[in-house]
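In structure tokens, the next block holds one chain alone, the form predicted on its own.
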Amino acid sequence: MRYVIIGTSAAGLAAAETIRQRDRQGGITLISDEPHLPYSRPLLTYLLGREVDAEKIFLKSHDYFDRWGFEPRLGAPVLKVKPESREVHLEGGETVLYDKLLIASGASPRLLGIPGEDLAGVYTLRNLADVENLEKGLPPGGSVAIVGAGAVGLKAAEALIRRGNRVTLLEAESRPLPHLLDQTAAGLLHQVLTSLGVESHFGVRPVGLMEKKGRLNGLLLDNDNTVTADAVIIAVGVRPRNEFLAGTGLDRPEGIPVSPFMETGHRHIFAAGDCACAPHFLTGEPAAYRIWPAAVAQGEIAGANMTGAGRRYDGILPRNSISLKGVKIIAGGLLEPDGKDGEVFNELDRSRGHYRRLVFQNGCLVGVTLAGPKAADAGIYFQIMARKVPVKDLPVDIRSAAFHPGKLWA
């Protein structure tokens, strides 16, 4: 059996190792357009902020591929997949044949689509090459504008402050992490940004990038104001990497549709991770929920099913966390209840920097936000959501101010 996997990050590696555990003899080829050993993308901002050394971000040792019996194709971008002949065409002319194929190609940064994005001094932050480019091009102590107050933009802001840069953060929505946090939690996060020295502007969009002598000089905003900057990092989200699937029906802008078995519309082709549209655990709605644990879980399911296991993926229970200046926020599930039978419980203790927000739907916990010291208790709330336990059946009231996770299933 010839297994081919496009992508060597969370989903691809999880699938490859699962396949090898179930099939000791099959050939497994791992393809990546990056020349490096597999590394942790979540650590890139820590590398940028010089909190970790470069060697600390790599997930595997130099003998990894040999030990597992994998055939690597590193630094080999995929040009096209031909399902009818089961071929993967690589840049450079090589064609790789497969019996089973996994698309785990991840995602690429979105750009703004405004004039000036090709100027020197304009960066994204998605892969190791981006960090290397920033290291070469960032002026020491210079001013940097970050467009986008998602997780990448916020962690990049903290990293650049650590480096001694002046940082301006621009966000089109009214608050940081707008799709993850409510106004109260986002307000706590904004306070942390201010204490770091980040100048934040919300409800504004860049409409053009200004140039001086062929290099970025600033940004023109939609409110007619300008922001001077020596560099800009665009962090406004990502899009699935599926351009090499043109003509197959799988290159959809929202991501590759998959069944609960991580199968695509083409027999023998599976998809997992940031490029795939898998269902939400609570709503069943398919979307690309791009978080590392979900990619690993999907990769394991896809790898097992490529060997005939017939395992079903129950869906993603979104969970995100961010830590800035020692303040941790964890949020997951649904931000708002859907329907009449919904309830939101809030508890704020500003003196301790603690915030707890619970979302209930049809008598079950479906969303949680924790900020401050009690963020460490997040695991028990996610267990309750994952088990879909009606709150009336719990031995204690989780809304109580005196609630402690140790009182549940002790």
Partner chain sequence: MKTVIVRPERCVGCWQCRLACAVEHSRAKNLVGALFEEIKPKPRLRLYPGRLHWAFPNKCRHCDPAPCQAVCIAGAISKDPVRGTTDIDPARCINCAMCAMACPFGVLTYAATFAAPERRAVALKCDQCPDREAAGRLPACVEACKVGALTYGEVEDAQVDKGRALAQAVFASYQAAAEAVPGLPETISLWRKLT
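Residue numbers count along the first chain shown, from 1. Quick caveat: nothing in here was measured; it's all calculated off a predicted structure.
What follows is about the form predicted in complex with its partner chain, which we do not show.
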item: Proximity of H404 to its partner chain in the predicted bound form, heavy atoms at 4.5 Å; value: yes
item: Proximity of T194 to its partner chain in the predicted bound form, heavy atoms at 4.5 Å; value: no
item: is_contact(F382, its partner chain) in the predicted bound form, heavy atom dist at most 4.5 Å; value: yes
item: Proximity of G69 to its partner chain in the predicted bound form, heavy atoms at 4.5 Å; value: no
item: Its partner chain in the predicted bound form: contacting segment from 340-348, 51-59, 355-363, 26-34, heavy atom within 4.5 Å; value: 51-59
item: One residue of P115, P293, P260, G137 in contact with its partner chain, assessed in the predicted bound form (non-hydrogen atom, 4.5 angstroms); value: P293
item: T95, T283, N223, S321 - the one with a heavy atom within 4.5 Å of its partner chain in the predicted bound form; value: S321
item: Residues of 36-55 having any heavy atom within 4.5 Å of its partner chain in the predicted bound form, listed in sequence order; value: S40, P42, L43, Y46, V52
